[in-house]
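Read the single chain below, which is given as structure tokens and is the form predicted on its own.
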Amino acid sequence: MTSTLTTTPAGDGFRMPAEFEPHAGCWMLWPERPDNWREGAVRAQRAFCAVAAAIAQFEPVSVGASAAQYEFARAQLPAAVRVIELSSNDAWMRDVGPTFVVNDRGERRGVDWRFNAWGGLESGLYFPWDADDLVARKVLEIEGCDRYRAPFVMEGGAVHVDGEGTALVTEQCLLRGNRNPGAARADIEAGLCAYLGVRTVIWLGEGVCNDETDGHIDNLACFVRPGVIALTWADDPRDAQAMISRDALARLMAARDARGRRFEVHKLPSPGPLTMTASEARGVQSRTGTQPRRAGRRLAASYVNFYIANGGVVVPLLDERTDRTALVRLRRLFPGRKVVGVPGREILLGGGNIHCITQQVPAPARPPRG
């Protein structure tokens, strides 16, 4: 039986490990809503299957599917992937699932952030989101982990950590009033330190151009290892992404991590710009309460939105003009891991990519001998 704790992870000696630390597995959700995924989500489901199969080469994968979709999901996904009946409003496990924390005694717990669909009734992307807000609690029950219910709104994609006390976030996302009205920067920092077990928060400015999550960090920059960061980068000064990336680089060069290190930053090319086509937009059903999909809208494409698995890195393929360069650079950054590219456009059309639809379960730390 699992418990809901009234303390904080940091107070209890827990921290969020970095994604490049060992995993016990990975969680995903099955897409189905026709007002976000075109053609009844069939194309997106194929893309999710490809991502699950790629990750399953390296670590166990669990996929939550609704009762209506359970049998179909089970038939489509590889036999090695565990499928569990689990209701949700959409399929963004990174943001609605738990953020796992560990301690040095080999214990693992989870943080259940409050979720309001990236903005609530003011600017959220869909309504309702009540089933999404229960996903983290259900996953923690299945995993047998005690739960911290955070007292503020946050999403897993809004933060990256190095596992050594440093967190990366964006001002665009966490300081916007549609999550935690009235909360100041100091309040947000205190909450992150308490619930992630970090000591230093590095604030970048805006996220990737036109990111509907209000600029999640996991689309812009991430830790490759402590002190080393991958950053989405646009060379063309006419591209709106160029100014965003240059500002991020300047902030990173001026910052220090929790251990006082300067950052080594590696650039990944920004695809496109890519836009939604008329036929893609026509395939999405319109519904009151859901953000419409419009032809010509710029897509928030980024190769930084990859997933680090045990011995592997699963990367979205987005633009044939830049895919090869991105893969080559990632293979240099991860020499001990196999870098696998998976077509990511169908996931991108729904508003995110591979990192957004996955959530790692860290392996518990091995207790020290004696």
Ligand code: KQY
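Residues carry their position along the shown sequence, with the first being 1. In this text, all values refer to a predicted model and were calculated from it rather than measured experimentally.
The same protein has a further form, the form predicted together with this ligand, not shown here; the description that follows concerns it.
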Looking at heavy atoms inside 4.5 Å, which stretch does this ligand contact in the predicted complex, given the options 273-281, 286-294, 68-76, 133-141? 286-294
Just to confirm, with a 4.5 Å cut-off on non-hydrogen atoms, which of 146, 171, 239, 212 contacts this ligand in the predicted complex? 212
Although the partner isn't part of this model, could you tell me whether residue 356 comes within 4.5 Å of this ligand in the predicted complex, counting any heavy atom of the residue? yes
Contact with this ligand in the predicted complex for residue 125, defined as at least one heavy atom pair within 4.5 Å: yes or no? yes
Can you check whether residue 350 is within 4.5 Å of this ligand in the predicted complex, heavy atom basis? yes
Does residue 100 reach this ligand in the predicted complex, with heavy atoms at most 4.5 Å apart? no
Within 4.5 Å of this ligand in the predicted complex, do we find a heavy atom from each of 36, 95 and 118? yes
